[in-house]
Structures are given as C-alpha cells and as structure tokens.
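Below you will find one chain, with nothing else, as structure tokens; this is the form predicted on its own, and questions on how it binds or moves follow later.
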C-alpha cells in the first residue's frame, strides 16, 4: 500500500462556516451585562447555556458581540419568595428537577423535569434561555405561560420591570431576564402532558381560592410557530368535581377559539387540533 502524496483535508461542517467573528464579553454582574449589551448595539446577544444561541449562529444569525452570563452568580439561585418560588434565569433544567425546594413547593415540576430533553441539555440549558428563545418545542416557556409567572427584567437604566409571562412578548426587548416567580402551594395547580411530543405538548395552570378553581390557562407547544396560551372560559368559580364533569365542554370551547395549528411531517393541522382537545380534556379531569 502506498501513502497518499498529499494529506486529505479534514471536512468542515457546513454550518460552522456560517459563524461570524464576534467579541466575547464576560460580565461579573447583571448590571454589567446590561451595560455591555447596550454599548455593543443591536448585534449583541446574551448567552447562558449556549444551546439555542449556538444553534442560531450556526444557522446564520449575524452576531457581533456575545455577552456570556456564566460568571453572573446571582442569577442561578432558587429561593422562596413572598408569594411563591423565585427561580434565577440561569437555573438549569437539572437543578430544577433535583432542587428539594422545587420538590416541596412545586411537585408537578419536579416530577416532570427529569424527562425533559437529554442529560446534556438538562445540565447546560437554562430556564431563562428556554423562555427567551421563544421556541414552541421548549418546555419551561409553557410552564411560565400556564402558571402566569412573573418575569423580572433588568433594563439599561438599572431599573427592574416585572411583566406577566403571558404578556411579555416584545415588551422587554434588549432587557435581561433575571428571575422567574412562580406561585406555589395550593393557590396554583400545574399539570403537564408531553405524551404526544413533538406533535403537541400541553401545560395547564389552574388558580384556586378556597378549594374552588377561579381561572386557568392552557399553554400549547409544538403546534404553532411560537408557544401559545389560551384562557379557560370559566363563567364562575368551580369546585373540582364540577370542573371534571365539565372538562369535555371546556376543552371544546378552548379549541374552538384557537387558530389553525401547523401542518408538517409530524402531523396535520386537523390532527393537532383534535389532540389538543383530547389532552386538555384528559388533563382538566386529572387536575380536578
């Protein structure tokens, strides 16, 4: 066997050729990160675990500056808040799944999250990045919508803006998400159904007072171009038994008000719409 006269060059993955040169910044605080992004201009992005940002850059997203948040220690705490649980935006999915405080206060989250993604993503991906990506297949964004979570953003004048997860889209452009507040205990019931992913995922959040369900939200993933939320059409507070008996009608009313879902290689629009109704009816009954 004769040796090749010239060495064969290593193949370069095509997507990596699309990554532009960029400046890397490593802030030590949230305020410093916000100041860096404001100074860098519109080509700057925040990066935490990096899973979503790296994929977008490999797909051609033009980035001039990356503000890496790994050294901003105050953003990865999990602690009790006055009316719920405060989760730092840099909390990873693995910490969410294994936190004793989450297990005690939000058992539905702790039970669901060991099945989310794979171990690499759970250990690197952050819940804040999950929300800010706006990807319809991401799970924690659905949690925030179903729970009507409060999102804390730091803006360039060092003030904090607090918005509901259901009203946050486009309201805080350029700001840094620092924390997510979820109500805990008996005031909120959360139910997740990922059994038909990637066709559709459903998260259900029910608000209760005195044992009666006063309002609720359905968050739908995988079926639309962005996570979608809808309110439960409750005319009056319901005891759990009545909610269970009316689950079919409630599910039908919610689905009747939804836009047409996506049609792709996973499912048709009609199939997705029917499965949203089935999962919603099933999980309303389970929650009750």
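Residue numbers count along the first chain shown, from 1. Being a predicted model, the structure only gives us computed values, none of them experimental.
One more form of this protein exists, namely the form predicted together with a small molecule; it is left out here, but the text below deals with it.
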In the predicted bound form, which of the listed residues (51, 243, 36, 57) lies with a heavy atom within 4.5 Å of the small molecule?
-> 51
Just give me the single entry in 232, 222, 69, 219 that has a non-hydrogen atom within 4.5 angstroms of the small molecule in the predicted bound form.
-> 69
Candidate stretches 203-211, 189-197, 94-102, 157-165 - the one whose heavy atoms come within 4.5 Å of the small molecule in the predicted bound form | 189-197
Heavy atom to heavy atom, is residue 124 within 4.5 Å of the small molecule in the predicted bound form?
-> yes
Wondering, does residue 176 line up within 4.5 Å of the small molecule in the predicted bound form on heavy atoms?
-> yes
Heavy atom of residue 89 within 4.5 Å of the small molecule in the predicted bound form = yes
With the cut-off set at 4.5 Å between non-hydrogen atoms, does residue 47 touch the small molecule in the predicted bound form?
-> yes
